[in-house]
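There is one chain below, alone, in structure tokens, taken in the form predicted alone.
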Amino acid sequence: MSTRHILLGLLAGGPSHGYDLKRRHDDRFPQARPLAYGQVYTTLQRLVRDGLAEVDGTDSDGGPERTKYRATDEGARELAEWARQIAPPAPFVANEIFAKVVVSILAGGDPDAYLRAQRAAHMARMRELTAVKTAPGADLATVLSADYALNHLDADLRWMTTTAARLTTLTAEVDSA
């Protein structure tokens, strides 16, 4: 996910302080990793440097001085271009789970035990996400975000089942190479 473009998208709704952008990011993308304040302010500085955002004043509201930012016309154009671009499927899939299975075979470990433990971890996370999306009052963004993660975890589980069924063959191939 492009923090730069997400912040531009949040600024499209009007000028905002870094603190408010961080809070709105975390609210709009509830299953994403929360943004660190440092990441927000560093990204805002880069957006200003690149002419995609500008300072729209400061205020203190009785507290520390806070800088308000707004997207520039160039920022709005870049955001629109980014939003239109199709996200290409990854040309190479580097999968940590697969790497650990192969390394386990190479090191004389127990890849089947690893796959069982990983499956249990995935199932636990799927139960957590199901609880999140079915909680009373869950908003649609939370439900859709949880559904996205659940579908990816389900694909991992299907892959683990297929791989576990082929471990004998995979072990023979890895050992002979």
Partner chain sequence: MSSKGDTSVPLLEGRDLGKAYGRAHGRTEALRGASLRLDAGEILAVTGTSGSGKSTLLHCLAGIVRPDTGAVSYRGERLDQLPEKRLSELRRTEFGVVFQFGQLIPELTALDNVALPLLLAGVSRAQAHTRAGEWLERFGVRGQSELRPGEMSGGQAQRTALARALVTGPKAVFADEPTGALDSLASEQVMTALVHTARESGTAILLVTHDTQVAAYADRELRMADGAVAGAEVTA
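Positions refer to the first chain, counted from 1. This one's a predicted model, so the numbers in the text were calculated from it and none came from an experiment.
There is also a form predicted in complex with its partner chain; it is not shown, and the following applies to it.
Contact annotation for the candidate site: 58, 71 and 73 all lie away from its partner chain in the predicted complex (no heavy atom within 4.5 Å). Heavy atoms within 4.5 Å of its partner chain in the predicted complex are found in exactly one of 28-36, 43-51, 124-132, 58-66, that being 124-132. Only one of 144, 138, 120, 113 lies close to its partner chain in the predicted complex, with a heavy atom inside 4.5 Å, and it is 120. At least one heavy atom of residue 157 is located within 4.5 Å of its partner chain in the predicted complex.
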